[in-house]
Ligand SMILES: C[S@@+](CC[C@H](N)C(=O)[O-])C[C@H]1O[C@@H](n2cnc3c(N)ncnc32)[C@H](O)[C@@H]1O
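Just the one chain here, laid out as structure tokens, in the form predicted alone.
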Amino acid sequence: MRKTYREKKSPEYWNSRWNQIPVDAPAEGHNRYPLLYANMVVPGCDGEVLELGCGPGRLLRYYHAKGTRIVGVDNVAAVITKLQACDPQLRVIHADACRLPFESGRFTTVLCFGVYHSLEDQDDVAVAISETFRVLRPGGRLCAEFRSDSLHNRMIDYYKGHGKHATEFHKWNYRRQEGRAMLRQAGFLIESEYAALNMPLLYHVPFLRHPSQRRSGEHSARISGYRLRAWLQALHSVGLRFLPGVLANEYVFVCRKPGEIAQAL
């Protein structure tokens, strides 16, 4: 695993970031990260869904609009306040992934994008994964993402200057086998895993973006998923399959907690 850095401490960075953007509209882009992967575990589940690290709410609001019983958790109080103000019917809680305020076995499904690799202490990463395991019902499923230690991410980190002069923790970058091992250590059975791409490196060149996103800001692109021109998108799909250590910037795992799933309450 590889650690990268930035100029601001994590609480300061995330408070500043989420204060600068409005609440997300419901997610779009069913064939793109993260909705593509979330839809592998949420549709058809007969209990509550937990989203760890819900941020401004693109997935939370998407599933809430569809009538899913979903609870969002984030450790940045400002974003929880924004979501509550936007829609008081959203169930959102300010909480730490290492100390979840829920009884054991409450949720049928957990979504976790952008959380585990953002915890600086590796012991905290293990605790957070164990907490996820605890709040899942036997037979419940987890869709979890880890930032990958790929050539793509090394280039992004260099492009953004992380690690040159910055000294504050930014994120961990994991090899696929490292993410797999941490989930198994917590007790999860891994059903499937994917090399995924969130924002491609080439997205920084506006001419190479899909025409619909040529003038998009980061906020609007987050909602629909980052898109390149069709031929570049096709090349990336092939590359992710055969060269994941080069192109992937995320590894996504679909896991199950052992046991028979309990009847929904």
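So that there is no doubt, residue numbering starts at 1 and follows the sequence shown. C-alpha atoms forming the largest set that superposes within 1.5 Å between two forms make up the rigid core. Here the structure is a predicted model, which is why all the values come from computation and not from measurement.
Beyond the structure shown, there is the form predicted in complex with the ligand, which is absent from this document and is the topic of what follows.
Contact check at 4.5 Å (heavy atoms) against the ligand in the model of the complex: none of Phe107, Gly140 and Glu191 pass. Stretch 112 to 120 is the answer when you ask which of 112 to 120, 151 to 159, 132 to 140, 180 to 188 has residues with heavy atoms within 4.5 Å of the ligand in the model of the complex. When the ligand is considered in the model of the complex, only one residue from Gly47, Pro200, Gly53, Gly225 comes within 4.5 Å through any heavy atom, namely Gly53.
Checking Ala78, Cys86, Ala126, Ala95 for any heavy atom within 4.5 Å of the ligand in the model of the complex turns up a single hit: Ala95. Not displayed here, the ligand is approached by Trp14 to within 4.5 Å at the level of heavy atoms in the model of the complex.
At a distance threshold of 4.5 angstroms between non-hydrogen atoms, Phe253 is out of contact with the ligand in the model of the complex.
Lys9 is among the residues whose C-alpha shifts by 2 Å or more between the shown form and the other one once the rigid core is aligned.
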